[in-house]
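First comes one chain, alone, set out as structure tokens in the form predicted alone.
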Amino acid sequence: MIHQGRKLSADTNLDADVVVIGTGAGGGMAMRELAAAGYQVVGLEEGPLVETSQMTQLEDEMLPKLYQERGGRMNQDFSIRVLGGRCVGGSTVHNINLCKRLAPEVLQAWERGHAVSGLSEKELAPFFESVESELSVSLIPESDRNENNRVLERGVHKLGWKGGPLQHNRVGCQKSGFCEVGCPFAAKQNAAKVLVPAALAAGATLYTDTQALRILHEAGRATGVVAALLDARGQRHHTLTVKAKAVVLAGSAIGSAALAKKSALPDPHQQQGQRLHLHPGAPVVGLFEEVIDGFRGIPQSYECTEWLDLSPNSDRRVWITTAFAHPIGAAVTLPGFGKTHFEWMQRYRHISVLTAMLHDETSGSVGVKSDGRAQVEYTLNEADRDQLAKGLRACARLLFAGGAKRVLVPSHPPVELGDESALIGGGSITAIPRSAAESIGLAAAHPMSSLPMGDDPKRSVVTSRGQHHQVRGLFVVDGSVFPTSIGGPPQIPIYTLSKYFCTHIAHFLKS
């Protein structure tokens, strides 16, 4: 049922009912749902199948295996690292397992401002419930919070701010803390473990090491996909062509938009690849007398929502949770050279890290470079820079309230604070200036909105049922369909919308 492109030795032509591009939350769900409904499904995954036994927990080995561009994808000015999955299971293999539904405020804003229909909180509730049940979503108990998350919890309680525990989809977790480089204990109840095997058991076929080159379409209808088979070095060596009645695009907001452009899909209103949102986040580091060992245990089990209001035109658009990096990631993030950098790394076991993640209004874009790779164009607008500065100050206050003796913002130049007095009242402007928000390295793991949905083809790329406005039989089931930023982890919304869209894909196939 699984064919590895690196091992195939000839051009291949196939016929199917459906070809699914990508095997993450959206693609994995589509493969399972449509195969279970009795359709002949072929799945294409650009990356390899990474078995549990291959997950070594070593950063230098796992980042190249699990991430797009070996974990080095950046925006145009190299100010934001954009993370995305590139293996069977996509980003669900390396994510932290955070699980949240789409907020009612977001769904209402989509309906009122973006002509989205049929996706109210009530209409989506049974789909969310089904997804949460089959992926074993549950609240992380207090006893399983590591010390990094307890720091945030203490800070929230001392300041009287809003916050609380988070939900994950994990069963049998050993609390090793290496979630972002793959779980060797198979505890993640993700697309690779739950959905893709079920799809294969229902008769689906999967091609790994297979890079979609273009979507075939004729007379306003999708007819299949042309893909390249990749060898062990990622070089193209043969071609796979799949003719199908429907094409399901689930290559992420970056990959799907780039493929849409490379396929020359009709785009009369110039919407494809526009309105990209990233949820960029910035770290703030607290130094403690006691050992924190933030690399141990379950990451991101607590959140602060004091500065997050998801209603339109809000002036509070920062979601705060914990973050941490293993030694290589920490060494890259911490500022300074020589002795200064060495001293911070010596304190590695005594630091706690929070991240301020933007519910961003900045609108970026996805293009295609001359070598065929995706080009991410994204520069924070003025309002988002102000929000990020506000988030950095909030993180600093939380760390001091949680017991930190010093706080470091790893901007250029770095900002170090010896106590919280400078953060109280108007002093916060000079203690952590907006210039820190403009010069700090950002990371983004939630790209979305590049092929937005809505019932007005002048303002959207796909309908509220996921079908491309201009190309019948082409459906998009990943985070690119979100009309706006959602202000939280996207995996459960992507799983859920894909499951919902599959009811309409099945109806299309029957027609």
Partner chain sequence: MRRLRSARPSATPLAVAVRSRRRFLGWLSLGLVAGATGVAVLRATGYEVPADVRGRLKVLSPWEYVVLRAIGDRLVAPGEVNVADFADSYLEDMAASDRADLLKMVAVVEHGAPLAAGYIHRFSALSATEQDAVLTSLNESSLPLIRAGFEALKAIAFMAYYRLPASWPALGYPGPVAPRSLQ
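Numbering follows the first chain given and starts at 1. All values derive from a computational prediction rather than experimental measurement.
Omitted from view is the form predicted together with its partner chain, to which the following refers.
Glu438 belongs to the set of residues with a heavy atom inside 4.5 Å of its partner chain in the model of the complex.
For Thr52, a non-hydrogen atom is located within 4.5 Å of its partner chain in the model of the complex, even though that partner is not displayed. Using a 4.5 angstroms threshold between heavy atoms, Gly336 counts as touching its partner chain in the model of the complex. Its partner chain in the model of the complex comes within 4.5 Å of no heavy atom belonging to Glu289. For the options Glu377, Glu420, Asp309, Glu132, the one in contact with its partner chain in the model of the complex, meaning a heavy atom within 4.5 Å, is Glu377. Note on contacts: among His269, His237, Arg221, His326, the single residue with a heavy atom within 4.5 Å of its partner chain in the model of the complex is His326.
Note that among 165 to 173, 70 to 78, 193 to 201, 397 to 405, the stretch whose heavy atoms approach its partner chain to within 4.5 Å in the model of the complex is 70 to 78. Contacts to its partner chain in the model of the complex (heavy atom within 4.5 Å) from stretch 280 to 305: Phe295, Arg296.
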